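A single chain, nothing else alongside it, follows as structure tokens in the form predicted on its own.
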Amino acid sequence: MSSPKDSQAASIIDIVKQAKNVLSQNSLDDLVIPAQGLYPHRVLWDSCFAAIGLSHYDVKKAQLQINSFLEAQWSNGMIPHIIFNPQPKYWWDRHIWRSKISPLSKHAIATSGITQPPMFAEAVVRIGERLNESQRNSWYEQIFSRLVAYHSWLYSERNPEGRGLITLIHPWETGLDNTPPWLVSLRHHHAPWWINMITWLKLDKVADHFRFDARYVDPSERSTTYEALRLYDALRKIRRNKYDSKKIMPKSTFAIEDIVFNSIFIRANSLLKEIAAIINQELPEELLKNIALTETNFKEFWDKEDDKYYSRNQKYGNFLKEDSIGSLMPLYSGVISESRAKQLYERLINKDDFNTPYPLPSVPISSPWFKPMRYWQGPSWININWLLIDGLKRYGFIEEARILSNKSIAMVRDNGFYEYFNPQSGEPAGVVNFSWTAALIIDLVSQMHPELID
């Protein structure tokens, strides 16, 4: 008769095996896409998360995810958020972006013209941890100049006031596409006449039935057609300026200092400094000055009136006072005080806030925006859980991180490797066999049961 401990080990081994199968199924020439069908292209932070999972059992494939993405880096240092599948049937996706219109793009590789949360340094270091000293140093030396160029680009082109706080020009750059703070910002801008006409004629309701994503998931779980049209219109304006940030920002629909992006960037900067120290490389003086400014001015995201972190409108300096999971992301940054971290932890365990049966809702359950199955307006996402677990650990909330890890693993074990989940019931939503769900479950399991990962 097997013991409960044996049964638990068997269950963990099985979930890891399933997760590896998901990553295998989603690999095209060893390059991992987010999911078959709806997501045929490679995406920046998806690829970084995939690399983190892969590093536990296939380091070379993990390195390939990073190296191949960096091959698409533009000459100014920007790393685009999408590398498009070159198959002929995806010609329209490539045409929408037309990255070749920028003289700075890699013309041989069709990409988007914007970026996404800078997870590369995290992925590079996680891979480095799986290598011996000689291999790690070689790996870091290979990647170092590319990371420096990317971080320097963010400061040179997305830091218009020189305060070290990075400005984004499109919600897709946050990775949290239809998160409430950005949608509120969108409402402050008039929609173009053609979108108003579509809405007035109620053609947006008709369009719901013809949406590409509706082939794979229920449209009620996604951004609304109106939201999607507004985001597409914002893309058209960016494209019109050939993805030149300095031309775009003064007249952009969006110019947001995003709390999620900046939190991740602070952590990435600290890891970049760690990489430089290990391989005895000097970071450029200008980059170091900007990194210090980011850490100093990060406090500007704190709203004393509400005792919360918010994203800010870069043009007007006002807070985007719609609460979201972004308010907790400074835990991952590692730059806030112990007392402020404790305040965020209190929100995480508050049942009127972010403490749901299945962790963690992408907006607090008390928010009027809360919809438990609609994309970034309520569902739980494993990548967000993973980021906050890491932040909790570094602030000393070890037991709390362990509980969140166990709940995240159980949510996937019981419901499958889905894109996101209902935080109240655990019901899966979005596409099945989602790569970052699988990859980060492997990583979470490895942290808790390293003996069961081979």
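Start at 1 with the first residue shown and count on from there. Because the structure is predicted, anything quoted here is derived from the model rather than measured.
Absent from the display: the form predicted together with ligand GLC. The rest refers to it.
Undergrad: Evaluate residue 34 for contact with ligand GLC in the predicted complex, applying a 4.5 angstroms cut-off between non-hydrogen atoms, and reply yes or no.
TA: Contact with ligand GLC, yes.
Undergrad: Hey, in the predicted complex, does residue 364 get a heavy atom within 4.5 angstroms of ligand GLC?
TA: Outside the cut-off, so no.
Undergrad: Is there a heavy atom of residue 330 no more than 4.5 Å from a heavy atom of ligand GLC in the predicted complex?
TA: Taking the distances in the predicted complex, the answer for residue 330 is no, it never comes within 4.5 Å of ligand GLC.
Undergrad: Hey, in the predicted complex, does residue 376 get a heavy atom within 4.5 angstroms of ligand GLC?
TA: Yes, residue 376 sits close enough to ligand GLC in the predicted complex that at least one of its heavy atoms falls within 4.5 Å.
Undergrad: Find the only residue in 177, 213, 303, 233 having a heavy atom within 4.5 Å of ligand GLC in the predicted complex.
TA: Of the candidates 177, 213, 303, 233, 177 is the one lying within 4.5 Å of ligand GLC in the predicted complex.
Undergrad: Only one of 314, 105, 252, 116 gets a heavy atom within 4.5 Å of ligand GLC in the predicted complex. Which one?
TA: It is 116 that has a heavy atom within 4.5 Å of the partner.
Undergrad: If contact means a heavy atom within 4.5 Å, which one of 45-53, 400-408, 60-68, 24-32 is the stretch that engages ligand GLC in the predicted complex?
TA: The contacting stretch is 45-53.
Undergrad: Counting only heavy atoms and a 4.5 Å cut-off, does ligand GLC in the predicted complex sit next to every one of 182, 310 and 322?
TA: Answer is no for this spot.
Undergrad: Within 4.5 Å of ligand GLC in the predicted complex, counting any non-hydrogen atom, which residues from 418-435 show up?
TA: If the 4.5 Å heavy-atom criterion is applied to ligand GLC in the predicted complex, 418-435 yields 419, 434.
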